[in-house]
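Shown below, as structure tokens, is a lone chain in the form predicted on its own; questions about how it binds or moves come after it.
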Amino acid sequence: MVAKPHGGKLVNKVSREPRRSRLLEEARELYQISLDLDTAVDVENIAHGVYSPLEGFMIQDDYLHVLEDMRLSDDTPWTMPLILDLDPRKMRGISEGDDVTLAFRGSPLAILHIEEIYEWDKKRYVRRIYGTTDPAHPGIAQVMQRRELLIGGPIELLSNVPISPNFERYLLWPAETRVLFEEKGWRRIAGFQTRNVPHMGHEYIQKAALTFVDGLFINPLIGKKKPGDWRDEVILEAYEALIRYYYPRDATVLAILRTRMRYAGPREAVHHAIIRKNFGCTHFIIGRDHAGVDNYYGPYDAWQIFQEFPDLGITPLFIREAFYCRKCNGMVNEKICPHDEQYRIRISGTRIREMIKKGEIPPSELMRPEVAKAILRFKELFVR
């Protein structure tokens, strides 16, 4: 049996007919708040249960509990605030208790019932979430651009059609993955988060997990990333090649997670685990420097934070960084390889990037040639 949803119930806030038609009529008469793509995707994720047990954007009590205690006000583990910000100059005519329309590109997307409007301290937010106030941190730059007021309350989605058609064939919602895992007979499912193309180290930890679970859920993050990160389409094609040539048939499911990277290190690692629990995973792979950026977090800080959540309801899999050992003649890690550093070929993402940029196929100790060839078919490789 797949994992229970976080909080015990999979949220479904997608309106159905005939209610949907009535709400659409109402939406055209309500005050309208325009959303950017990232926030519109958050609305979709709320409605489809990706962020269960949340049914909307956080009210202040939940927001503050998450900020300080990494738990919702009812003590459910939760590490990343889910907030909707608004310019106070655009608050005329709306107040707590009102319904408003959340619109994307001029069309009604959802209705939000405003339970609370409140101020927030951005500097306090970044200190607690990112552990730094350095403006060079890409997550902090995102936060400091946000507006001064937050609106909390439940939402109801007005359409079941994804707002972005990109990569729709890879899109599965939690209700769908749960059915799929049941149909496959998978009782133990390991989730894998990624924003990179796969090298031999990724393959090693995925297959290490796959040896003692029934199936592997490869769930690339598709959405806003910092300049220099791999483009979404490159990541997906690279994984298609890896799975086609090097994974047992029916051992994996490849589907996307639409959201943005926050680069919050340990806190985001727990957030990623909760999301995969909602998709039905029983286990979640935590690699080296999960959700990290530059040197803001230690390489294994994301392992340590899970000690604070014995009630998380999904088992973290801590698999050490892999390297190729010429003496062992294969991919290993420090726990199982007794040989000196002179025999070890470390996997460098920077080295792989530089070789790919030059049109070169990295050595087979670093990356599968079929994966490299799939990547090299693209002219644009990285986010600008």
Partner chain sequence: MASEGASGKYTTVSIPVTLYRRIKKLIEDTGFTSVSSYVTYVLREIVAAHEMEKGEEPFTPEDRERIIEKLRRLGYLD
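Residue numbers count along the first chain shown, from 1. Remember, predicted model here, so these are calculated numbers, not experimental data.
There is also a form predicted together with its partner chain; it is not shown, and the following applies to it.
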### Query
What stretch, of 64 to 72, 325 to 333, 36 to 44, 341 to 349, brings heavy atoms to within 4.5 Å of its partner chain in the model of the complex?
64 to 72
#### Entry: Heavy atom of Arg19 within 4.5 Å of its partner chain in the model of the complex
no
### Message
Quick check on Arg267: any heavy atom within 4.5 Å of its partner chain in the model of the complex?
### Response
no
### Query
Wondering, does Asp294 line up within 4.5 Å of its partner chain in the model of the complex on heavy atoms?
no
### Message
Contact with its partner chain in the model of the complex for Leu86, defined as at least one heavy atom pair within 4.5 Å: yes or no?
### Response
no
#### Entry: Selected contact from Ile243, Met80, Val253, Val126, since only one has a non-hydrogen atom within 4.5 angstroms of its partner chain in the model of the complex
Val253
### Query
Using a 4.5 Å cut on heavy atoms, which of Ile163, Met144, Ala175, Ala208 is close to its partner chain in the model of the complex?
Ala175
### Query
Do heavy atoms from each of Lys9, Glu182 and Asp311 fall within 4.5 Å of its partner chain in the model of the complex?
yes
#### Entry: Any residue of 89 to 111 that, in the model of the complex, places a heavy atom within 4.5 Å of its partner chain
Glu96
### Message
Flagged pair Arg244/Asn166: C-alpha distance shifts by 3 angstroms or more in the model of the complex. Which direction, closer or farther?
### Response
closer
### Message
Relative to what's shown here, the Cα pair Arg146 and Asn160 differs by 3 Å or more in the model of the complex. Does it come closer or drift farther?
### Response
closer
